[in-house]
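Take a look at this single chain, the form predicted on its own, given in structure tokens.
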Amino acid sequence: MRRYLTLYWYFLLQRFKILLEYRANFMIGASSTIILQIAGLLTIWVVMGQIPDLNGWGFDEVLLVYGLITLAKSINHMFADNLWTIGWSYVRSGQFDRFLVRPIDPLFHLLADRFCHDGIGNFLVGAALVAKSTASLGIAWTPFNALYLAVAVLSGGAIFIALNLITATSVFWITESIPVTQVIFNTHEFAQYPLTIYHRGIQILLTWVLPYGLASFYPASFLLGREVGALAWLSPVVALALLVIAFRVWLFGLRHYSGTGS
């Protein structure tokens, strides 16, 4: 473990050296996601302007849900964005083969090969939304609440990464996994709003099948003092289980990788 942490730090330093060579690109990438998030926030502002109460949820409460899932998504964006590009950047071009001949785990090498600075914008927006909404709602930032928030965000990020890894593994059979990953990933947009506004079937989907709700709705409900039972504490357990499943799916796919001849 220590070896891999040291290696990741080395990869990260090299990545930032590259980014500093092209500072304009760094700023554009980081700010572009902020602009995209502003567009999403404008949608919420318009919706809440017409419907001030979404099944018992006010504007600042919805912002808290949105902020939490944005923070979780930013972790996936920064540290696992290569799962999106594995098809055209690595497998199709034959570049993936170099991961198989080096004395480190191929999945680790894939993830460490690129830190996506675009995700920094998502992180800043998410942090700002959580700070603004909790201040407006009068949520006290006790050490316990801060620890709970950190665990919830990290668990949410792990859920995003695990689901993306499962779908990205399809690249070993179909060469381009983006359409598969996109279908599952886009489902998280439902979890940007309180799950109680949806049909029961969608609530079950976003809790037990594609558990993006564990990265947003349930932690927000806990911080707001709303009763959601054990679901408020389930995100780390589900995140760990999904990561184990995702890694096993990855190993299965890796065994069936035969290259593209590129």
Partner chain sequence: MMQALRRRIKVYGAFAAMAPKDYFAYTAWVWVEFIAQFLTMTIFVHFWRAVYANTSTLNGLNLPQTLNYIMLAQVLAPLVQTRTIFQFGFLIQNGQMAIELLRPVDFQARVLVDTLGWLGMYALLKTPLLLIAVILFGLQLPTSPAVWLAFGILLVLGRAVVFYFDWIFACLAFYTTETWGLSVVRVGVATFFSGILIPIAMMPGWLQQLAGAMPFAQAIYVPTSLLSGIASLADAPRVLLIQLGWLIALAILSRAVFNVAIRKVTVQGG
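Residue numbers count along the first chain shown, from 1. The structure displayed is predicted, hence computed values, not measured ones.
As for the form predicted together with the partner chain, it is not shown, yet the points below apply to it.
Contact with the partner chain in the predicted bound form, defined as a heavy atom within 4.5 Å, holds for exactly one of 222, 233, 59, 198, namely 198. Of the residues given (170, 136, 145, 187), 187 alone sits with a heavy atom within 4.5 Å of the partner chain in the predicted bound form. In summary, the region of this chain contacting the partner chain in the predicted bound form, judged by heavy atoms within 4.5 Å and restricted to 124-132, 68-76, 154-162, 178-186, corresponds to 178-186. Contact with the partner chain in the predicted bound form holds for none of 237, 241 and 247, as no heavy atom of theirs lies within 4.5 Å.
Although the partner is absent here, residue 208 sits far enough away that none of its heavy atoms falls within 4.5 Å of the partner chain in the predicted bound form. Of the heavy atoms in residue 227, none are within 4.5 Å of the partner chain in the predicted bound form. Residue contact check for residue 204: none of its heavy atoms lie within 4.5 Å of the partner chain in the predicted bound form.
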